[in-house]
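Starting off, we have a lone chain in the form predicted on its own, written out as structure tokens.
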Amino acid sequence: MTLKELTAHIAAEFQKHYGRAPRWIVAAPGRVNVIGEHTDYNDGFVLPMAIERYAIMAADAPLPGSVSAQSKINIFDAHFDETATIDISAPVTKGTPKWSNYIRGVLCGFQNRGVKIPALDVAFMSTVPLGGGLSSSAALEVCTATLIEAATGKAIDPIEKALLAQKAEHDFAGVPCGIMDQFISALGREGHLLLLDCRTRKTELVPMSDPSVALLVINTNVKHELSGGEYAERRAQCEEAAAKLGVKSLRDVTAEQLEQGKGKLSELVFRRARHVIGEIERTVHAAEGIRQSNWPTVGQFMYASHAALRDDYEVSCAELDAVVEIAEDIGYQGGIYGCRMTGGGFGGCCVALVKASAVDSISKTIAAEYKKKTGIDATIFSSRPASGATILKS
């Protein structure tokens, strides 16, 4: 659904559930990271794009008459037909259902800022695929924050909003995520990618307005259950490399310096560092390639990123590799410039830079070949760079 169709749909769902039209409608997008994987906790650069898939909320103040209604937020999940009630007369705490904790964390963040949260009736849904590494949780958090802005009439700085949403994920969902997901959901702009310096939190909009290209998101529909701790393990290996090389983080090391210090590192830790240092460089160069609409060069950086994630960082899996191999077989002649896994790894999605005119034929080929190789149906959609969080009705 387009954002316009989604707006009409959630308004109708609100009307059906609460018996009246909503006063406010807000939305926030999911994201795909075009390049810059596992660089965020190494103070590096990331290059995400807001996608045309959204968390969307419709809301109104509760009807007068009920005293209890004035101290509660009632939430109806229109997709899964579930409800949650959150008491706002006291500090908001964790609760059930599980998905409500993303919302609760944001409400708590506003309370901590001294904002008086109004009672609300809310209907929400999301078109961001769950569990595919496209930041459905960040979209929900930023959407909630945007609703509170709309309902109170008090806008907060978008960077503060992103950080409030990130803290909600840390404290209420127990996920120690970096800053990328919430930043792109809050600060994204239509027709642009966002180059984010994870050390300084400085952002730069990178125009991607060439209508001849699109990004294709290929969800492998697998998520491998790991033995646990892989993410923490990679992080510790990066910290070990930085310490042995005498720097604060791998952001401060060049490829030449890494080569010179190779003797100080185990072979495994060296490879982990080689991915990160190379990926930070690839991300900056890819952003420059996008500014110049140099799509073949950007594509090569994407392929190089995947190879390093697969071989040096070892966070890919057979299904992600299969998608990239299929993309390489289709090649430039078939309309694909580049392809790589995106997200934390071990499943989830790949992202491909493609000729817009070939989206349908490429999607069909990838779907058929992936099914042949793995026996799994992939979910594939294309997206142009979307707008960040927005108030659609106030």
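Residue positions are given as counts along the sequence shown, with the first one as 1. These numbers were taken from a predicted model, which means no experiment stands behind them.
Keep in mind that the form predicted together with a small molecule is missing from the display, and what follows is about it.
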Among 180 to 188, 284 to 292, 115 to 123, 83 to 91, which stretch has residues whose heavy atoms lie within 4.5 Å of the small molecule in the model of the complex?
180 to 188
In the model of the complex, does residue 343 have a heavy atom within 4.5 Å of the small molecule?
yes
Residue-level contact is defined here as any heavy atom of the residue lying within 4.5 Å of the small molecule in the model of the complex; does residue 36 satisfy this criterion?
yes
Can you tell me whether residue 231 touches the small molecule? I mean in the model of the complex, with a 4.5 angstroms heavy atom cut-off.
yes
Is there any non-hydrogen atom of residue 52 lying within 4.5 Å of the small molecule in the model of the complex?
no
Note which of 60, 40, 325, 369 lies within 4.5 Å of the small molecule in the model of the complex, where distance is taken over heavy atoms; exactly one does.
40
